[in-house]
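Starting off, we have a lone chain in the form predicted alone, written out as structure tokens.
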Amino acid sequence: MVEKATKKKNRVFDYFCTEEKFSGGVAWCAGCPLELTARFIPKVLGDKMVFVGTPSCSAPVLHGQNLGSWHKLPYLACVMTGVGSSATGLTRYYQKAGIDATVVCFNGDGCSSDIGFQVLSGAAERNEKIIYITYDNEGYMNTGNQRSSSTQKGALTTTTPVGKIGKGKPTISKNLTMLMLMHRPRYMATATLSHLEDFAKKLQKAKEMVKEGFVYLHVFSPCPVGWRIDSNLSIEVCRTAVRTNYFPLWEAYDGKPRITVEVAAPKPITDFTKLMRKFSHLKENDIAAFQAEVDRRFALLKTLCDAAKAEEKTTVQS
């Protein structure tokens, strides 16, 4: 498999020499990419950041337990319907008071794509100076693996069972990254833990670009429990998602996207589905439909990237 990064790699391991902001033992499930994502973000963004979160898989650790804390970062807990507006109030206060702080919303796909989409969209439309990070595990995992609008068609969840009648989720997933791209945020990107150098560069860019306006990051984060993945395969699932174009890695400035990790020869979607048991019931025709949807979404992304590149070339020539 050949993958070509479009820029020189970062010294990503240097970040791991910085102070750890989370305690050694936390209440996240074994093998969950969410834990590594949460630990990595402050290592890149630095000490002057504030997490804003909601009820979710991240909440038990970000909230702390009883009177104790599991991390050293400032944290504002709010309801799922108010995370974008709460972060807006916080960052506007910091700006008025002259306080140097980076406000980071850190929420699951259920909040971003469903319950809290209105305030996410509003913050993006107002171009608020916040970084909004969605960790996408394609469901409401903290409350029992119920489907969200981010859940893929055919996936087994507790609310889309498989049996004599049910065949998994009957509808395609909401393409949240495309919806956010249409908001034309100052900067947005997709990322995942299998490509840490790419992730680190995008966090660095987010830290700089948030000074000018809204930033959105969408992080692919498979759930070992809900997806029925062996806990030691989480990073392999992330890597395979990229290699099959199921989760392409790209970024965009002011709504103009470009692919940051090019996959020379994409693998078939079966390489991805065979790693988890939530898709084990899919038949040949289901897999074919799955592959067609992956190809369709990547073709849309590639068309937009080509259009942005052509526009940039025309602007330079003129």
Partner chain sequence: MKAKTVKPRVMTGNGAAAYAAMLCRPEVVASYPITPQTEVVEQLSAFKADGVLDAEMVEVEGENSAMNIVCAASIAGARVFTATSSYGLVYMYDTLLQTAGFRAPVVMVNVNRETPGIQAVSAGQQDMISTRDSGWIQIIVENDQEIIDQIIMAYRIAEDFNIQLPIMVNYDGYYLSYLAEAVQIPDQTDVDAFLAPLKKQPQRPRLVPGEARGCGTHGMEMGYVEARYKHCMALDRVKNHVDKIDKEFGEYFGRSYGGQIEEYKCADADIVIVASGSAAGTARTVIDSKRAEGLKVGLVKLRLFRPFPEERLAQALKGKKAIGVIDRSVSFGWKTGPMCTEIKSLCSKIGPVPILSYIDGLANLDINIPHIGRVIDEVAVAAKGKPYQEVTWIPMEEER
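This structure is a prediction, so every number in the text was calculated from the model and none was measured. Definition used throughout: the rigid core is the maximal C-alpha set that superposes within 1.5 Å between two forms. Residue numbers count along the first chain shown, from 1.
Keep in mind the form predicted together with the partner chain is missing from the figure; the text below concerns it.
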I'd like to know if L62 sits close to the partner chain in the model of the complex, meaning any non-hydrogen atom pair within 4.5 angstroms. yes
Taking 4.5 angstroms as the cut-off for heavy atoms, does P161 touch the partner chain in the model of the complex? no
Taking the shortest heavy atom distance, is E208 within 4.5 Å of the partner chain in the model of the complex? no
Does any heavy atom of M182 come within 4.5 Å of a heavy atom of the partner chain in the model of the complex? no
I259, P268 and T270 - do all three of these have some heavy atom no more than 4.5 Å from the partner chain in the model of the complex? no
Just give me the single entry in S150, S85, T157, T244 that has a non-hydrogen atom within 4.5 angstroms of the partner chain in the model of the complex. S85
Of these, C78, L196, L176, I235, which has a heavy atom no more than 4.5 Å from the partner chain in the model of the complex? C78
Exactly one stretch in 47-55, 25-33, 286-294, 251-259 has heavy atoms within 4.5 Å of the partner chain in the model of the complex; which is it? 47-55
Do any residues of 84-98 have a non-hydrogen atom within 4.5 angstroms of the partner chain in the model of the complex? If so, which ones, in sequence order? S85, S86, T88, G89, L90, R92, Y93, Y94, K96
So, does A30 move by 2 Å or more at the CA between the shown form and the other one, with the core held fixed? no
Core-aligned, is the CA shift for G46 between the shown form and the other one 2 angstroms or more? no
After the core is matched up, is the C-alpha of S69 off by 2 Å or more between the shown form and the other one? yes
Please check whether, in the model of the complex, the CA atoms of N66 and R39 lie closer or farther apart than here, given a change of 3 Å or more. closer
Over in the other structure, so in the model of the complex, do G68 and T91 pull closer or drift farther apart at the C-alpha level? The difference is 3 angstroms or more. farther
